[in-house]
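A lone chain, given as C-alpha coordinates: the form predicted on its own.
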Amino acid sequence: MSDALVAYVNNRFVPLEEATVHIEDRGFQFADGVYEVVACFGGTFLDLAPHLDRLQRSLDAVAIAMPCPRPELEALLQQAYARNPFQDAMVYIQVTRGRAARAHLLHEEIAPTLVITVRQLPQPSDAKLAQGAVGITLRDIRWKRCDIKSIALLASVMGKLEAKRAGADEAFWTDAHGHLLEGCATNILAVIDGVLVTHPLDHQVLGGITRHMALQIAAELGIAVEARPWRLDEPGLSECMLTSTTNAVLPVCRLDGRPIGDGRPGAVTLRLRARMVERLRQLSERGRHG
(Lines give C-alpha, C1' and ligand atoms only; values in the text may rest on other atoms or scores of the structure.)
Protein backbone atom coordinates (compact mmCIF):
# COMPACT_ATOMS: atom_id res chain seq x y z
CA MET A 1 0.00 0.00 0.00
CA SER A 2 1.29 3.46 -0.87
CA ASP A 3 1.99 5.88 1.98
CA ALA A 4 0.28 8.70 0.03
CA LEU A 5 -2.90 9.78 1.83
CA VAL A 6 -6.19 9.69 -0.01
CA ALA A 7 -9.39 11.65 0.69
CA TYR A 8 -12.93 11.37 -0.62
CA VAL A 9 -14.55 14.59 -1.82
CA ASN A 10 -17.93 14.66 -3.56
CA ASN A 11 -18.03 11.43 -5.52
CA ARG A 12 -14.33 10.77 -6.01
CA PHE A 13 -11.21 9.68 -4.20
CA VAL A 14 -8.26 12.02 -4.69
CA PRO A 15 -4.77 12.47 -3.21
CA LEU A 16 -5.11 14.42 0.03
CA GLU A 17 -2.95 17.24 -1.34
CA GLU A 18 -5.45 17.72 -4.16
CA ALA A 19 -8.59 17.48 -2.00
CA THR A 20 -10.44 20.79 -2.11
CA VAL A 21 -13.94 22.26 -1.92
CA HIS A 22 -15.19 25.45 -3.57
CA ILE A 23 -14.67 28.77 -1.79
CA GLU A 24 -18.45 29.21 -1.70
CA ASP A 25 -19.06 25.94 0.09
CA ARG A 26 -21.26 26.81 3.06
CA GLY A 27 -19.00 24.88 5.38
CA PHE A 28 -16.29 27.46 4.68
CA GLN A 29 -18.61 30.48 4.56
CA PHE A 30 -20.88 29.72 7.52
CA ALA A 31 -19.58 26.58 9.28
CA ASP A 32 -22.88 25.20 7.98
CA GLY A 33 -22.26 21.51 8.49
CA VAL A 34 -21.73 18.61 10.86
CA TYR A 35 -19.14 15.87 11.33
CA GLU A 36 -18.25 12.56 12.91
CA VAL A 37 -14.96 10.89 13.83
CA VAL A 38 -14.88 7.08 13.91
CA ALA A 39 -12.05 4.84 15.07
CA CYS A 40 -11.17 1.90 12.82
CA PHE A 41 -9.07 -0.98 14.15
CA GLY A 42 -7.58 -3.24 11.50
CA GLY A 43 -10.49 -2.54 9.18
CA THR A 44 -13.19 -2.95 11.84
CA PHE A 45 -15.01 0.26 12.75
CA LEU A 46 -15.75 0.85 16.43
CA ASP A 47 -19.46 1.45 17.05
CA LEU A 48 -20.08 2.57 13.47
CA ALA A 49 -23.86 2.31 13.78
CA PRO A 50 -24.08 4.70 16.77
CA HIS A 51 -21.76 7.15 15.00
CA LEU A 52 -23.90 7.14 11.86
CA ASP A 53 -27.05 7.40 13.97
CA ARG A 54 -25.61 10.51 15.60
CA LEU A 55 -24.58 11.87 12.20
CA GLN A 56 -28.19 11.45 11.05
CA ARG A 57 -29.48 13.21 14.17
CA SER A 58 -27.11 16.13 13.62
CA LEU A 59 -28.10 16.39 9.95
CA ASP A 60 -31.79 16.27 10.83
CA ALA A 61 -31.33 18.97 13.48
CA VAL A 62 -29.87 21.42 10.93
CA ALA A 63 -32.02 20.27 7.99
CA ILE A 64 -29.20 18.94 5.80
CA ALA A 65 -29.89 15.82 3.76
CA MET A 66 -27.73 12.73 4.18
CA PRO A 67 -25.48 12.96 1.09
CA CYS A 68 -25.96 9.31 0.10
CA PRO A 69 -27.80 6.21 1.33
CA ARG A 70 -26.33 4.81 4.52
CA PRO A 71 -25.08 1.52 3.00
CA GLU A 72 -23.24 3.57 0.37
CA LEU A 73 -21.69 5.77 3.06
CA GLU A 74 -20.55 2.70 4.99
CA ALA A 75 -18.93 1.33 1.82
CA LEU A 76 -17.17 4.67 1.21
CA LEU A 77 -15.78 4.62 4.75
CA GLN A 78 -14.38 1.13 4.21
CA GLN A 79 -12.83 2.22 0.90
CA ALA A 80 -11.33 5.34 2.48
CA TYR A 81 -9.76 3.22 5.23
CA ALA A 82 -8.41 0.69 2.69
CA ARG A 83 -6.86 3.41 0.52
CA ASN A 84 -4.78 4.81 3.39
CA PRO A 85 -1.72 3.30 5.12
CA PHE A 86 -2.92 2.94 8.71
CA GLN A 87 -3.66 -0.20 10.70
CA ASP A 88 -5.58 1.73 13.35
CA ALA A 89 -7.14 4.88 11.96
CA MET A 90 -9.27 7.89 12.74
CA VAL A 91 -11.84 8.36 9.96
CA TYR A 92 -13.35 11.83 9.71
CA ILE A 93 -16.70 12.44 8.00
CA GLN A 94 -17.82 15.99 7.25
CA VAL A 95 -21.11 16.95 5.61
CA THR A 96 -21.93 20.56 4.73
CA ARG A 97 -25.04 22.03 3.19
CA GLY A 98 -23.13 22.41 -0.06
CA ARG A 99 -22.02 25.11 -2.48
CA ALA A 100 -24.05 28.25 -3.14
CA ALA A 101 -23.60 31.98 -3.55
CA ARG A 102 -23.06 33.50 -0.10
CA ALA A 103 -26.41 34.23 1.53
CA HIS A 104 -27.82 33.13 4.85
CA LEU A 105 -31.04 31.85 3.31
CA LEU A 106 -30.98 29.52 0.33
CA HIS A 107 -33.54 29.97 -2.44
CA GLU A 108 -32.75 26.75 -4.30
CA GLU A 109 -31.95 23.13 -3.57
CA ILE A 110 -28.24 22.30 -3.48
CA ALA A 111 -26.36 19.03 -3.06
CA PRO A 112 -24.59 18.44 0.27
CA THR A 113 -20.79 18.26 0.30
CA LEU A 114 -19.30 15.03 1.65
CA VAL A 115 -15.66 14.79 2.71
CA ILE A 116 -13.95 11.74 4.23
CA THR A 117 -10.34 11.81 5.45
CA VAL A 118 -8.24 9.21 7.27
CA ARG A 119 -5.40 9.70 9.76
CA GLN A 120 -3.40 7.56 12.14
CA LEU A 121 -5.33 7.01 15.36
CA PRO A 122 -3.29 8.81 18.04
CA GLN A 123 -2.69 7.16 21.39
CA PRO A 124 -1.87 8.75 24.76
CA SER A 125 1.78 8.38 25.73
CA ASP A 126 2.85 6.03 28.51
CA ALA A 127 3.86 9.09 30.53
CA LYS A 128 0.42 10.66 30.12
CA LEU A 129 -1.26 7.42 31.19
CA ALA A 130 0.97 7.19 34.26
CA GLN A 131 0.67 10.84 35.29
CA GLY A 132 -2.84 11.56 34.11
CA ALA A 133 -4.08 14.51 32.09
CA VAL A 134 -4.04 18.08 33.35
CA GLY A 135 -7.09 20.27 32.81
CA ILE A 136 -8.50 23.72 33.40
CA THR A 137 -12.11 24.84 33.65
CA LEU A 138 -13.65 27.68 31.67
CA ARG A 139 -17.08 29.27 31.78
CA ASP A 140 -19.04 27.93 28.82
CA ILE A 141 -19.09 30.35 25.86
CA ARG A 142 -20.50 27.97 23.26
CA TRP A 143 -23.83 28.05 21.48
CA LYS A 144 -26.88 26.38 23.03
CA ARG A 145 -27.06 23.25 20.85
CA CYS A 146 -23.90 21.39 21.80
CA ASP A 147 -25.78 18.12 21.25
CA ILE A 148 -25.35 18.77 17.51
CA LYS A 149 -21.89 17.76 16.31
CA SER A 150 -21.36 20.98 14.42
CA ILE A 151 -18.22 21.93 12.52
CA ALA A 152 -18.48 25.40 14.15
CA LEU A 153 -15.71 24.74 16.67
CA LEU A 154 -14.21 28.19 17.26
CA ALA A 155 -15.09 28.15 20.98
CA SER A 156 -13.34 24.80 21.34
CA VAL A 157 -10.28 26.14 19.53
CA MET A 158 -10.22 29.09 21.95
CA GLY A 159 -10.57 26.72 24.88
CA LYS A 160 -7.70 24.54 23.65
CA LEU A 161 -5.53 27.65 23.29
CA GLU A 162 -6.34 28.64 26.89
CA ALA A 163 -5.44 25.14 28.04
CA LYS A 164 -2.12 25.27 26.19
CA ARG A 165 -1.27 28.64 27.71
CA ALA A 166 -1.97 27.15 31.14
CA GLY A 167 0.20 24.09 30.46
CA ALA A 168 -2.87 21.84 30.43
CA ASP A 169 -4.09 19.12 28.09
CA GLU A 170 -7.77 20.03 27.96
CA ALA A 171 -10.23 22.74 28.95
CA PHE A 172 -13.56 21.71 30.45
CA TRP A 173 -16.64 23.90 30.19
CA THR A 174 -18.69 24.79 33.27
CA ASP A 175 -22.18 26.26 33.46
CA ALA A 176 -23.28 29.27 35.51
CA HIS A 177 -23.54 27.10 38.63
CA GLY A 178 -20.07 25.59 38.31
CA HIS A 179 -21.26 22.23 37.03
CA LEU A 180 -18.79 20.40 34.78
CA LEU A 181 -20.29 19.89 31.31
CA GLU A 182 -17.69 18.47 28.91
CA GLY A 183 -14.28 19.25 27.43
CA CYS A 184 -13.43 21.01 24.19
CA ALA A 185 -13.07 17.62 22.48
CA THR A 186 -13.92 15.17 25.27
CA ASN A 187 -16.54 14.14 27.79
CA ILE A 188 -15.68 14.27 31.49
CA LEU A 189 -16.76 11.94 34.29
CA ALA A 190 -16.05 11.79 38.01
CA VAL A 191 -16.09 9.22 40.80
CA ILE A 192 -18.00 10.63 43.78
CA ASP A 193 -18.51 8.41 46.82
CA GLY A 194 -17.75 5.41 44.62
CA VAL A 195 -20.37 6.32 42.00
CA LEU A 196 -19.42 7.14 38.40
CA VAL A 197 -21.06 10.51 37.74
CA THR A 198 -21.48 12.38 34.46
CA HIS A 199 -23.60 15.31 33.34
CA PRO A 200 -26.90 14.18 31.80
CA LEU A 201 -27.28 14.46 28.05
CA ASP A 202 -28.99 17.70 27.11
CA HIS A 203 -28.34 20.66 24.79
CA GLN A 204 -25.16 21.51 26.76
CA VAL A 205 -23.45 18.16 26.18
CA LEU A 206 -22.67 16.00 23.16
CA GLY A 207 -23.51 12.35 23.66
CA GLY A 208 -20.04 10.89 23.18
CA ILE A 209 -19.91 7.37 21.75
CA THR A 210 -16.88 6.56 23.93
CA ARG A 211 -18.68 8.06 26.94
CA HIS A 212 -21.57 5.69 26.29
CA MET A 213 -19.18 2.76 25.98
CA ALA A 214 -17.52 3.70 29.29
CA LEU A 215 -20.90 3.77 31.05
CA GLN A 216 -21.78 0.35 29.59
CA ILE A 217 -18.48 -1.10 30.80
CA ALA A 218 -19.02 0.43 34.25
CA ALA A 219 -22.39 -1.32 34.48
CA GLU A 220 -20.75 -4.61 33.44
CA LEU A 221 -18.15 -4.17 36.19
CA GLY A 222 -20.80 -3.47 38.80
CA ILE A 223 -19.85 0.20 39.18
CA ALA A 224 -22.81 2.40 40.04
CA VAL A 225 -23.53 5.12 37.46
CA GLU A 226 -25.45 8.35 37.88
CA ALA A 227 -26.22 11.05 35.30
CA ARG A 228 -26.56 14.36 37.15
CA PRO A 229 -24.97 17.79 37.33
CA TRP A 230 -21.83 17.75 39.46
CA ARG A 231 -19.15 20.13 40.72
CA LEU A 232 -15.46 19.79 41.48
CA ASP A 233 -15.93 20.88 45.09
CA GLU A 234 -18.33 18.07 46.01
CA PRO A 235 -17.32 16.02 49.07
CA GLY A 236 -16.32 12.49 48.15
CA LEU A 237 -14.95 13.33 44.69
CA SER A 238 -11.93 11.06 44.32
CA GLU A 239 -11.34 10.65 40.57
CA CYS A 240 -11.91 12.39 37.26
CA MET A 241 -11.51 10.99 33.77
CA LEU A 242 -12.10 12.06 30.19
CA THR A 243 -13.38 9.98 27.30
CA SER A 244 -12.96 10.44 23.55
CA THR A 245 -12.34 8.47 20.36
CA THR A 246 -8.61 9.19 20.49
CA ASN A 247 -8.07 8.74 24.25
CA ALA A 248 -10.53 5.97 25.15
CA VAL A 249 -10.62 6.52 28.95
CA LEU A 250 -7.86 8.76 30.30
CA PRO A 251 -7.38 9.80 33.95
CA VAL A 252 -7.51 13.51 34.74
CA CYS A 253 -5.32 14.04 37.79
CA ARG A 254 -5.12 17.84 38.08
CA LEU A 255 -7.75 20.50 37.43
CA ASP A 256 -7.22 24.24 37.84
CA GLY A 257 -3.86 23.60 39.48
CA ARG A 258 -5.23 21.28 42.17
CA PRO A 259 -4.90 17.49 42.42
CA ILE A 260 -7.93 15.28 42.02
CA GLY A 261 -7.99 12.80 44.90
CA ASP A 262 -4.41 11.85 45.64
CA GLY A 263 -3.22 13.25 42.30
CA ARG A 264 -2.72 9.84 40.71
CA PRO A 265 -4.87 7.77 38.30
CA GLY A 266 -7.70 6.24 40.30
CA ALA A 267 -8.73 2.61 40.59
CA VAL A 268 -12.11 3.02 38.86
CA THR A 269 -10.57 4.92 35.96
CA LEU A 270 -7.90 2.27 35.50
CA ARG A 271 -10.45 -0.56 35.56
CA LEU A 272 -12.60 1.16 32.93
CA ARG A 273 -9.59 1.91 30.75
CA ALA A 274 -8.21 -1.62 30.99
CA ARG A 275 -11.51 -3.17 29.93
CA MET A 276 -12.00 -0.70 27.07
CA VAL A 277 -8.43 -1.05 25.78
CA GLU A 278 -8.80 -4.83 25.81
CA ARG A 279 -11.91 -4.56 23.64
CA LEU A 280 -10.12 -2.25 21.24
CA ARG A 281 -7.15 -4.63 21.09
CA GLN A 282 -9.47 -7.51 20.23
CA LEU A 283 -11.03 -5.44 17.45
CA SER A 284 -7.61 -4.67 16.01
CA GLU A 285 -6.50 -8.31 16.22
CA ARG A 286 -9.73 -9.47 14.60
CA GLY A 287 -9.21 -7.05 11.73
CA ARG A 288 -5.55 -7.97 11.33
CA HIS A 289 -6.29 -11.68 11.09
CA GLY A 290 -9.77 -11.54 9.59
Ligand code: PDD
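Numbering starts at 1 and runs along the sequence shown. Everything numeric in this text was worked out from a predicted model, so none of it was measured.
A second form of this protein, the form predicted in complex with N-(5'-phosphopyridoxyl)-D-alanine (PDD), is not displayed here; the remarks below concern that form.
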Partner-contacting position among 83, 142, 199, 99 - heavy atom within 4.5 Å of N-(5'-phosphopyridoxyl)-D-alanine (PDD) in the predicted complex: 142
Option touching N-(5'-phosphopyridoxyl)-D-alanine (PDD), based on a heavy atom within 4.5 Å in the predicted complex, out of 209, 180, 93, 190: 209
4.5 Å heavy atom contact with N-(5'-phosphopyridoxyl)-D-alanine (PDD) in the predicted complex for all of 51, 149 and 243: yes
Partner proximity in the predicted complex: residue 28 to N-(5'-phosphopyridoxyl)-D-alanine (PDD), non-hydrogen atom cutoff 4.5 Å: no
4.5 Å heavy atom contact, residue 35 and N-(5'-phosphopyridoxyl)-D-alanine (PDD) in the predicted complex: yes
Partner proximity in the predicted complex: residue 113 to N-(5'-phosphopyridoxyl)-D-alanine (PDD), non-hydrogen atom cutoff 4.5 Å: no
Partner proximity in the predicted complex: residue 184 to N-(5'-phosphopyridoxyl)-D-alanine (PDD), non-hydrogen atom cutoff 4.5 Å: yes
Options 103-111, 125-133, 67-75, 200-208; stretch whose heavy atom lies within 4.5 Å of N-(5'-phosphopyridoxyl)-D-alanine (PDD) in the predicted complex: 200-208
